[in-house]
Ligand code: ADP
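As structure tokens, one chain now follows by itself in the form predicted on its own.
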């Protein structure tokens, strides 16, 4: 039976604004859990981040809170209002700018108030105030095509804030921006939040950027995957403004990496079941990582000063990798038995070291053996191709099968990953025009 995660109440926080209890979300005849027994609480005055590997259900939970997704089980209550009322008092900023290109800045911002039936004079007044607050005064009549990426995301913030929600949900709102623009927008948002100028009571942020989470938030909820659940909580008690080179800041970054790579509770550390490799099956969702990224990471960890074992925060900084790039690569290497990841470290296995020292052909052969041995879907595709007289099979043959275990976009991503790895290893070929697998290239 799954364990319910109960989060302690921060001593500085106010009334409960959000209570999500025992939330579950399954796909495909309840065979593929995305969220399992997730319990989260958000209080007045809190800025909380959800962190975790890709596919751990963070965005699914956020959309469930926003009322965009219906949970399979569990309850979500916002300001003591369950069910359909849960979306009341909640507004959301998305990763994509999600603006209507045929509407001006002012018209885009007014949309939420129009839906609420706010009278025209009040709607215009509040919209202009939101535009001014977020730093876009003077651009009210501009169209999205005339704005930079950072300015378009500011419109998204203004549109979310203009309805004066109790809770602002943010789904990777800075990830589509360049580094300097994202830093400026984060800083501006933090200043407004710290000065109490924003018409909101609490913020819930989904991010893959660990530094961003530590810089902005009061509390971090670390999600584990397969299925997604809250694995741990990290309070952030550093005063604002926070400085990334502060030793206390760096220590928190290290702690997050350790928590995100921790062995699940109850998993043995010794004996035949102690391997730190994720359980797999044909229905395992695979995050797309190219063979070039995997090769580059193996080579980097193999070289001095790491010599086969690297601290993840250090290698991430050296290789300029965000957590949403580093963790899928690390998990893929672990899945393929080229590395072990735990306690914030990555250690190459004997096979990983052999790969790093090998020539191109030797690497391909080793990758092929591990792909067929440790990734059941790759072995399944190859077996189907071997058994057919034509040695071909349509993509739909496997896509339909995967949809019994996962959502459509996850099935597409998983097949894309298998195609990429299979091509590199020359285990099978894929013709995108015919949407078909074959054995044309492999020897």
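Everything quoted here is computed from the prediction, not taken from an experiment. Numbering follows the first chain given and starts at 1. We call the rigid core the largest set of C-alpha positions that still match within 1.5 Å between the two forms.
Heads up, the form predicted in complex with ligand ADP isn't pictured, but that's what we're talking about next.
When contacts are judged by a 4.5 Å heavy atom cut-off, residue 414 does not count as touching ligand ADP in the model of the complex. Taking non-hydrogen atoms only, residue 409 approaches ligand ADP to within 4.5 angstroms in the model of the complex. Ligand ADP is not shown here, and in the model of the complex it never comes within 4.5 Å of any heavy atom of residue 405.
Ligand ADP in the model of the complex is not approached by residue 398, whose heavy atoms all lie more than 4.5 angstroms from it. By the 4.5 Å heavy atom rule, the three marked residues 38, 72 and 75 all fail to count as contacting ligand ADP in the model of the complex. Looking at 51-59, 38-46, 414-422, 382-390, the stretch with residues near ligand ADP in the model of the complex, meaning non-hydrogen atoms within 4.5 angstroms, turns out to be 51-59. The two forms, fitted on the rigid core, differ between this form and the one not shown by 2 Å or more at the CA of residue 406.
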